[in-house]
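What follows is one chain in structure tokens, specifically the form predicted on its own.
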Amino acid sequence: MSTPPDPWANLARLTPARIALGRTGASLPTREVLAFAHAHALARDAVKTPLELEQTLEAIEALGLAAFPVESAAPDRATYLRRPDLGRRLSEVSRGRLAGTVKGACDLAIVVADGLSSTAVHAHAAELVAALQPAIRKAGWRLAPVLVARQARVALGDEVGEALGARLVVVLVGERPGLSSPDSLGAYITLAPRVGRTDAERNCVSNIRPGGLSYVAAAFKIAWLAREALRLGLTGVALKDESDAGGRLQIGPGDPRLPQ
């Protein structure tokens, strides 16, 4: 008699979630134990690997954009992980350098922050900024120099945006790694950034990576939210993402909804 097909097999092929792992006696198969250990190691590395600051700056400058480095008040990675509050504020040195170097108000400030996954920033930040450029040009937004922030949390963008006089700030940040996604990038959009803004006043586009939301689709959503934020004068829980109104989001190169 032949072995009946595993009814979970088709479902397991549709998701990276750990389902239908099988068993050996009362335990998991060795291959699954090793795969879990590998995924856990990748997640730990994503958190602890230092941001490649110079390479990230060069990748953004290669897009024809000015780029500028800043750091949070957390002096090192260990402190950053223990003290989230320090990651939300600029260091004294960066605050002074920013005030003395970058001049003038702008419509949009982009902050690239290492967050909890420098792996995500190294892999995706420059690609996402490149995907956003057509929308920025089409809208005619005045763009501040792109700031690359080390030991940074999302709220660092509030102080940066306030210092730059930005109408809107977009923080591209390495998200907390999962055991199937150590390289996920998130984008947080905040209108009228200033110190003291809460997470309820932001919109988030999450899971930006080839295995999640593509660069083009993410750029479309970010640009839509940015336009609506500036038009309506609000972000956060009051601004709902209706970029896909009328149908499932299907965006690829050449899509007529994208700026050409």
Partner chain sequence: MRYRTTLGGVTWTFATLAEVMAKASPLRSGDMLAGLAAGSATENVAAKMVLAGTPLRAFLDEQLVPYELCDVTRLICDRHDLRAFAPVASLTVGEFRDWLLSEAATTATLASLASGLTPEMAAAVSKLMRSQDLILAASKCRVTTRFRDTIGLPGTMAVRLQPNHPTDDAAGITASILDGLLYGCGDAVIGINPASDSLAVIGDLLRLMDGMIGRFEIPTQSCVLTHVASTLELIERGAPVDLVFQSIAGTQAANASFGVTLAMLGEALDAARSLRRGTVGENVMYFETGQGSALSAGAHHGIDQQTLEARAYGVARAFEPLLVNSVVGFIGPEYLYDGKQIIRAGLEDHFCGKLLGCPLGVDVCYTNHAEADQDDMDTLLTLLATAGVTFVMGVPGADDVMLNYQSTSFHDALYVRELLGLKRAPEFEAWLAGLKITDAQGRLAPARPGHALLQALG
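This structure is a prediction, so every number in the text was calculated from the model and none was measured. Numbering follows the first chain given and starts at 1.
What comes next is about the form predicted together with the partner chain, which does not appear here.
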What stretch, of 187-195, 226-234, 51-59, 204-212, brings heavy atoms to within 4.5 Å of the partner chain in the model of the complex? 204-212
Does Leu81 reach the partner chain in the model of the complex, with heavy atoms at most 4.5 Å apart? yes
Looking in the model of the complex, any heavy atom of Arg176 within 4.5 Å of the partner chain? yes
Does His40 make contact with the partner chain in the model of the complex, using a 4.5 Å heavy atom cut-off? yes
State yes or no: in the model of the complex, is some non-hydrogen atom of Arg95 no more than 4.5 angstroms from a non-hydrogen atom of the partner chain? no
Heavy atom contacts to the partner chain in the model of the complex at 4.5 Å, residues of 17-31 in sequence order: Ala17, Arg18, Ile19, Ala20, Leu21, Gly22, Arg23, Ala26, Ser27, Leu28
